[in-house]
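Coming up is one lone chain in structure tokens, specifically the form predicted on its own.
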């Protein structure tokens, strides 16, 4: 499986470590009301979809960057990848 790294081009998936659902970027506010329940959901509840899904991958054997990889979990087709930093910045009202 080849992952299209946005900075380095196509890289073998063996260079990466899979973390899970890309929604892990959206960490709950620990000071907000209901934070305990929000963190319990954040830590323990995960979707396991069949089809297109966004996942976090760490480039452990390369530049050590975090990527959000869009992948079809049925066919394993990699649809795209972007730096997790850029995804997180967009989620916080940053540049697109």
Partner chain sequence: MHFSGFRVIKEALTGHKGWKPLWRNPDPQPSYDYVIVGGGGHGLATAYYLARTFGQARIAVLEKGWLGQGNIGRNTTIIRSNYLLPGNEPFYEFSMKLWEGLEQEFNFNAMISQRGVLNLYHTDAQRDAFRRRGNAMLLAGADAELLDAAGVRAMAPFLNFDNARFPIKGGLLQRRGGTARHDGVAWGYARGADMRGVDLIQNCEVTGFRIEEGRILGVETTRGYIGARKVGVAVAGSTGRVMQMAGMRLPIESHVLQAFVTEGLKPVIPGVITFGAGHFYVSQSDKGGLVFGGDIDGYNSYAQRGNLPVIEDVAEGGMALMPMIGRARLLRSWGGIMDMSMDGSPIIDRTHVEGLYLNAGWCYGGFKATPASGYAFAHLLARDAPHETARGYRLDRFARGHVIDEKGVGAAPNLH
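Numbering follows the first chain given and starts at 1. Quantities reported herein were computed from a predicted structural model and do not represent experimental measurements.
Another form exists, predicted in complex with the partner chain; not displayed. Remarks below refer to it.
Though the partner is left out of this view, residue 53 does reach within 4.5 Å of the partner chain in the predicted complex, counting heavy atoms only. Proximity of residue 27 to the partner chain in the predicted complex: non-hydrogen atoms within 4.5 Å are absent; the residue sits far from the partner.
At the 4.5 Å threshold, heavy atoms of residue 74 reach the partner chain in the predicted complex. In the predicted complex, the partner chain sits within 4.5 Å of a heavy atom of residue 1.
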